[in-house]
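Quick heads-up: the structure tokens below are two forms of one chain, split into structure 1 and structure 2.
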Structure 1
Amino acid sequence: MLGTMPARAAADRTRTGLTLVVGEEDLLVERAVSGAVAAARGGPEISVDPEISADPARAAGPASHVDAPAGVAGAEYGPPVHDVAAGELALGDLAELTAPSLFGGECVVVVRGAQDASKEVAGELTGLAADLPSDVTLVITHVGGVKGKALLVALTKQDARVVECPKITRLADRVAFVRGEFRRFGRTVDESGVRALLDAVGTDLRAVAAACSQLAADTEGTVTEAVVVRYYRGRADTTGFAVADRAVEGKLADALELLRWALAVGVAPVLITSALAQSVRLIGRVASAPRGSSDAELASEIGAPPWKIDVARRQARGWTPDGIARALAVVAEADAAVKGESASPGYALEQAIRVIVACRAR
């Protein structure tokens, strides 16, 4: 689970004073911190669920004894916020930040990167967490891992709300994130739209979140591949897999257009031949599978996501075993050509795509 915590639970736990955010996924960490700060300051309840929460994207970097830092949700409400970097704290700084004001009142202290705290500051931080004043809300971030592990263990033993924000690396988690982003805007996205968006934007979660926000604001209805391509033309259209998809579907003009786009923006020819090979092989495996096999069964056997199996099944229509064998041979020849056997990799790829389309047409 990617560190999900419903908004009301965040508010309840913040009243006890201590929130520990653990993980390396910056966007999710920022959302978790912002949710805890907003709840402590009496602002609108903000979910820190990565699938439905807002994107506060802090403008300021860590380190600075500033009140209501830019980008921290809820900054216009309630007590002041002191946002500091653990690595820049000296012994006694925490005591100064949490000391009672002459005028009374609460305060919120955000300590970022606790793994970078010195031994003395780590001890002070542990002591503060264990005996937190009732008028202080303490939010601590830690990347996890070996560095500063003793401090992390000590903090988790306290009565803290722990929000885990591990790095998102699995495709399934990225797909879930994209769906969640659209869901929080009251929108839906189909499998082709998710795939096209991830192909276009890449794996950076902030970029993905920003793209989801833009598409949700600028379009209507279900977000499909066609919608994504319209907004990210020149990015979504220039992957090797986009070229391969059009080629195995028999769409010669589209495939050649995308090939020129890909080469123009610097996609390596070897990546295009690799995508062609993977697409043709996947069609071969899907086409030869026993009738009645489900997408999930084939996905488990082949090692590809179910949505890709579904796409390959549609693409397999019109292909014969002989056509697949010939296409694989052509891809092998093109691969050798782009690796040095041809003076013009672009021409070699164009000829390969023409033959692949012809193989399907047969």
Structure 2
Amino acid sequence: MLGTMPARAAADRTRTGLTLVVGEEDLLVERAVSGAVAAARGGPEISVDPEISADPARAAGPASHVDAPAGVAGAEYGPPVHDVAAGELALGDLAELTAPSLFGGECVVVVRGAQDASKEVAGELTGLAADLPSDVTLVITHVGGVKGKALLVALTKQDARVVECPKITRLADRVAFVRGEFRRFGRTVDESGVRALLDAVGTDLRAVAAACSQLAADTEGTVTEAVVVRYYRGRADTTGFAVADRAVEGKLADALELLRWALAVGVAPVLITSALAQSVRLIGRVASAPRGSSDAELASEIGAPPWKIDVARRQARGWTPDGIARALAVVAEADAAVKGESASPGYALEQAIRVIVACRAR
């Protein structure tokens, strides 16, 4: 009996059994984990349906032993999957999970949130990773960062497949993400469609992914702005920076509209004045910098990232030193107003934006 191991166990020896998923972007982490698990169980190595993997209970939940996680294609007969949170493991739990069973066979262990592991468990985890039994597939997630860094370093030294899932913060990355999502469903999306979708749904990646899959399911052909607007209206979120950018670019109507959205979705007025101050200040510093200084030089002198300097350079066209000085004074006035000097912060901000735009035109 003992000799008749399942055929698949012997077949997969070539693959490295350790996958390390590093990063904070939950959705991507979830996909990487599902992919690794599916691969280990012999399924096709594709990510699963985002709506199913978006189940938060599984992402952050306590240790649960899932024999066949939903969404992993063709997984009914694969090896068992143990999905545990590192913070809740006790010493010895890992050994128990990975101990060979009477009938042999593979198993998959997913350890989530390795940064929360206690010292003992971290040691055990490192030991396990260094000497992984041939029939165990180990998937570890770690948010990166300072907490539990020693463990991360120790794990990276092992022969592991590392998947990086950093937080998506930049607009260009988000646009690429949306395009990628539609591509997964075999669809195309145009520039305006991406923008409309991101405006309407916001920055939460899960929400964006869900919206993409919904749109892919409900519509046909290229996804354009018209298609998106039929299903998603309004604006999920906006920031003081967006308002400030419009204002210093002289787009009065856009700026006022965005301001109303910002106030409606609960952006604090002080954040808007501080964003206005930052924008005008940066333009002032860029505009008054000696000619011919490079973005990098300016960036280190002013203490702002080079891409911001680049944006400010473009925005600086149309501004005079006098206009900048007046605009900063207006922002200071508005800051005082939103901090209690005026009865209506909304009015004070609108007024400030109008004057800023007027200062630019002069």
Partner chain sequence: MRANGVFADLIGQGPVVAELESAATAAARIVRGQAAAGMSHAWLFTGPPGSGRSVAARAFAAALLCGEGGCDRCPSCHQVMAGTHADLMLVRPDGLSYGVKETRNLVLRAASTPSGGRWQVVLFTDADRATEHAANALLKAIEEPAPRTVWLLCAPSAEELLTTIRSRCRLVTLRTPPAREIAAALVARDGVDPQAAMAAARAAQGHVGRARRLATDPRAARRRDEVLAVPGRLTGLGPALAAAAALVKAVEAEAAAIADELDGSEQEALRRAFGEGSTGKGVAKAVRGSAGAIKDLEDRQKSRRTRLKRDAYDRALLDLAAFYRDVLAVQSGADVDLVSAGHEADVAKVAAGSSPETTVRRIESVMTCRERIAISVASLLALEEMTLALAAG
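All values reported here derive from a predicted model rather than from experimental measurement. Structure 1's sequence is the ruler for residue numbers, which start at 1. Think of the rigid core as the biggest set of C-alphas that the two forms share within 1.5 Å after superposition.
Assignment of forms: the chain in structure 2 is the form predicted together with the partner chain, the chain in structure 1 is not.
Residue 117 shows a C-alpha shift below 2 Å between structure 1 and structure 2 [criterion: core-superposed Cα displacement of 2 Å]. Once you line up the core between structure 1 and structure 2, the Cα of residue 26 stays within less than 2 Å of where it was. Core-superposed comparison between structure 1 and structure 2: CA of residue 285 displaced by 2 Å or more. Core-superposed comparison between structure 1 and structure 2: residue 251 shows a Cα shift of 15.1 Å.
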